[in-house]
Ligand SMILES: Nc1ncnc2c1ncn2[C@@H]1O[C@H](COP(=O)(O)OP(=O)(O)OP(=O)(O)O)[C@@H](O)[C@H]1O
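Here we start with a single chain on its own, the form predicted alone, put down as structure tokens.
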């Protein structure tokens, strides 16, 4: 394998970088005790990095992702993204969820352009950006197709294009490939790394797949069961660009073992 190469971020090293400091989230439950979803989370990320949040279902990973995106407010602690405190939703972020949530009455390319309409952006140059993303994700010939005409993997590629259309500094992904078959999932992993290399977004990726987290990431934060804390942080010293054969090396298997032990599934 070639020597590892670092991701290249934007000229301003603060863009796409961020820090979570002692973040806690408590949900008030009507008629019941408050639910502590996130107990104490602290980590940082740099421009262009891929960071995975790995843990069991219901452990608080998605809650942390939503707090980073400003969709819900932390009960205590501080979150900073691109040199600014997160106090609510902000523009320079894209989100991809487990289900593509494409609007069935819009064509693929119309779905992709939709965020710019919401943001009130001028439509100048949108076509060039959309066509570039369609080409990057191998969807060019399906730009005028309807969502129901696409496979699950193709729908998720379209959702990825939609999240990238406004060139966000940070991309938040909540188990986006969890519903796909294993082969399609592996293909989407490689596509995401290709997109990350070209677009240079920072990616925060939620998953409960150990192998997916290791293959995609520069760093993996292993979460405990709810209330969420970070049990272990694993630095992934695999070269870029990643190669599917990396999954079968002794080093990769050792990383899987380390993550499994941190999760408590291997003793």
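All values derive from a computational prediction rather than experimental measurement. Residue numbers count along the first chain shown, from 1.
One more form of this protein exists, namely the form predicted in complex with this ligand; it is left out here, but the text below deals with it.
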ask   = Just to confirm, residue 61 within 4.5 Å of this ligand in the predicted complex by heavy atoms?
value = yes
key: 4.5 angstroms heavy atom contact with this ligand in the predicted complex for residue 187   = no
query = Does this ligand come within 4.5 Å of any heavy atom of residue 233 in the predicted complex?
reply = no
query = Is residue 238 close enough to this ligand in the predicted complex to count, meaning some heavy atom within 4.5 Å?
reply = no
task = Sort through 226, 200, 219, 242 and report the residue having a heavy atom within 4.5 Å of this ligand in the predicted complex.
result = 226
key: Contacts with this ligand in the predicted complex, stretch 171 to 202 (heavy atom within 4.5 Å)   = 175
